[in-house]
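In structure tokens, the next block holds one chain alone, the form predicted on its own.
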Amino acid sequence: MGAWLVICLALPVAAAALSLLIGDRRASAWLTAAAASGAFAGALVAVFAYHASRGASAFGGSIRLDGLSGVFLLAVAFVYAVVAIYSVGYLLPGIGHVRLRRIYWPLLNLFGFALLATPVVNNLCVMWVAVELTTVVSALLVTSEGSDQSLEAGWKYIVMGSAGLAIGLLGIVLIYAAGIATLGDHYSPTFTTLVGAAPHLNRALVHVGFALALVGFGTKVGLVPMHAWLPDAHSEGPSPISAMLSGGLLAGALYAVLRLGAIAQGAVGASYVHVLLLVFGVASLVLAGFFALRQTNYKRLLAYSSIEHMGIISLGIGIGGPIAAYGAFLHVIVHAAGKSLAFFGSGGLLSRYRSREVDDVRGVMRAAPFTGVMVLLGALAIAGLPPFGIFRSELLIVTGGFSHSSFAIAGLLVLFANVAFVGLYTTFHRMVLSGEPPVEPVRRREQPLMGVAMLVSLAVLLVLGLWIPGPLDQLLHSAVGVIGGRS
């Protein structure tokens, strides 16, 4: 397992270094696509061939892979791979408006490395460094179009993200301090060590530490009210980077919250962790649902959809019990695929209509039939319609809510998921199927690699909506056990 994880982490680092050295954009693009695909293959082997669901460590315990880390590793590795493939078709023909093309590929690979490292490192402080690296690298990618709006969005993102992570670091320090009396002054703050010692940790420090960690890392997750950076960054960045932010970066930060939550549950009880997750989850779901009804920028609409889905996952964990938690972890994977498809489709719209405004985009099905179909299917998928995987995961969370007597939470989820559906469907239906565009869209041939990335994302959504393979089912159950969802 350790060798495959090293391959998974080494490939993006090597691709970043080589693409920076060679400087040739075409070679860098293909090198990145190959490295990202190889990293995803390595993640699949490490997770499934070596039974990560049982838990395994490597390199003296510095790397740890179990059910929880395996779910998030698969999600971020998948997003990294499809984004790299899509970017080749998006940038090489000159479709995407990215001015900093020479450093786009090294930065994309560094972003992929940081996302892949976050769920597999066993040390709290190293995990924090990995999450902080995602902030620095992705902020540069958000600004890579060079417009005033993207520069403002990148600056806002890096200020708020770094401030949030500073609070998160303080939370980690307090959780570390909670173990000094039991573990000594110089112990290594690994997850395995702290989970094992959780019943003996200082409860007051853990209470405060987890609350700070939730607020800090929750800023990167985009939970309300720490979400203000997210709509700007997702809407102003290049479309493939928006997909990576939504499907990968938010998931990586959420992983940090859940890892620290597992320690807190052992120290102070599950109810404390669940209540905090429910509060932030409900706030995110409600605000995102209402904002989805009034967006005039289709990329900002997708950004608010990301906030909604992070709220849904938080609710799934906060409800407690195995069914809702299982649905939440499935939601991590299907949301990564669904939001990739949606943002890839938005990239096709932006390249043809040169506008992010809903009113400027009409008649997509006539101008670009394949893009139109993918955009509409992506909108339906993230809105939670069957037979897509997001419908299945949301249904599991609602079922878990009712089985756990959380009737009000389950009802709120159903209500505001439908509110978001109205906003998503009416907007994208109007753009794809209605009217003539106010300006003539750019006529160009559909790019095959962009289509491949969209079809792969669509396939994942359909397969997981209809069938969950046995190894993945076992991994999801294992993730539930890691956070104490079986109790």
Partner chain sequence: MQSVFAAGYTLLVGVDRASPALIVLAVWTALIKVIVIPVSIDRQITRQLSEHEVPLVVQVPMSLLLGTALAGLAYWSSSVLPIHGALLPTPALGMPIAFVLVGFFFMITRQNAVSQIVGLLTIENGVFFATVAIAPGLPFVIGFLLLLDLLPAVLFYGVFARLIAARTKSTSVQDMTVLRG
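Residue numbers count along the first chain shown, from 1. Because the structure is a prediction, the values reported are computed rather than measured.
Keep in mind the form predicted in complex with its partner chain is missing from the figure; the text below concerns it.
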Note: exactly one of 167, 195, 121, 380 sits with a heavy atom within 4.5 Å of its partner chain in the predicted complex, namely 167
In this chain shown alone, the residue from 392, 352, 156, 274 with a heavy atom within 4.5 Å of its partner chain in the predicted complex is 156
With a 4.5 Å heavy atom cut-off to its partner chain in the predicted complex, the contacting stretch among 82 to 90, 167 to 175, 254 to 262, 372 to 380 is 167 to 175
Can any non-hydrogen atom of residue 404 be found within 4.5 angstroms of its partner chain in the predicted complex?
no
Does its partner chain get within 4.5 angstroms of any non-hydrogen atom of residue 269 in the predicted complex?
no
Is it the case that residue 299, even though its partner is missing from this view, gets within 4.5 Å of its partner chain in the predicted complex, heavy atoms only? no
State yes or no: in the predicted complex, is some non-hydrogen atom of residue 295 no more than 4.5 angstroms from a non-hydrogen atom of its partner chain? yes
Hey, with its partner chain in the predicted complex, do 280, 357 and 442 all fall inside the 4.5 Å heavy atom range? no
Contacts from 116 to 137 to its partner chain in the predicted complex (any heavy atom within 4.5 Å), listed N to C, are 125, 128, 129, 132, 136
